[in-house]
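The chain below stands alone, shown as structure tokens; this is the form predicted alone.
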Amino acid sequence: MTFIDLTNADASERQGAAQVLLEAFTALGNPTWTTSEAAEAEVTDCVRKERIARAVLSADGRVIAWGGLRSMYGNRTWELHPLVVSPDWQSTGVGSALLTDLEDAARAYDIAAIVLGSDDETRSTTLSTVDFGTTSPLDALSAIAQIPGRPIHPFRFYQRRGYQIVGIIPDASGPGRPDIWMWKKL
């Protein structure tokens, strides 16, 4: 594996990052980036000079994963957006290595913490069944505590890497599709 600064990458590497984004989200059934054009626009947005964007290349030079950080609260807390690994490389340690690389880059910029949203677009957490408009706060907290009782969801990856759930945005992407906000102090 080789790590590169995606903000200085060439056009083919950026196109490779867009392809990874498209393939990974399509494989999840996530409708966020459904066209090459939308994925390319996301990469272009993420590689602006005031942001941090890193990619992982395979031995043959292909982009197999990438992620970005953007300022959210000055230089104190930045948002991880996105972190994506090619379906062929998931569960191989590439995502963990990339997240470590991004965290190291953040520390180099004196960023104090990272926040991220782990959307439940596919209704794969217990939160997708909670109507936060009619559920009591205590019952909602109980549902949050039981998230691990459901099929695999990316928030588990982040929990293993030290990120904590700090909030929920109910129905963020539509009914039954909440956004799980997580945070880690660096």
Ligand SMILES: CC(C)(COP(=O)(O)OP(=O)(O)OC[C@H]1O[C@@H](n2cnc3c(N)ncnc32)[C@H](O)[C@@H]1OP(=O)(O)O)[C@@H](O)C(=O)NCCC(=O)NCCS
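Values in this document were obtained by computation on a predicted structure and should not be read as measured data. Residue numbers run from 1 along the displayed sequence.
Keep in mind that the form predicted in complex with the named molecule is not shown, yet the notes after this line are about it.
- At the 4.5 Å threshold, heavy atoms of residue 163 stay clear of the named molecule in the model of the complex, well away from it.
- For the chain shown alone, residue 118 is a contact residue for the named molecule in the model of the complex, at least one non-hydrogen atom being within 4.5 angstroms.
- In the model of the complex, residue 85 approaches the named molecule with a heavy atom inside 4.5 Å.
- At the 4.5 Å threshold, heavy atoms of residue 28 reach the named molecule in the model of the complex.
- Stretch-level contact check against the named molecule in the model of the complex with heavy atoms at 4.5 Å: of 40-48, 54-62, 153-161, 125-133, the positive one is 153-161.
- Along 74-110, these residues reach a heavy atom to within 4.5 Å of the named molecule in the model of the complex: 83, 84, 85, 89, 90, 91, 92, 93, 94, 95, 96.
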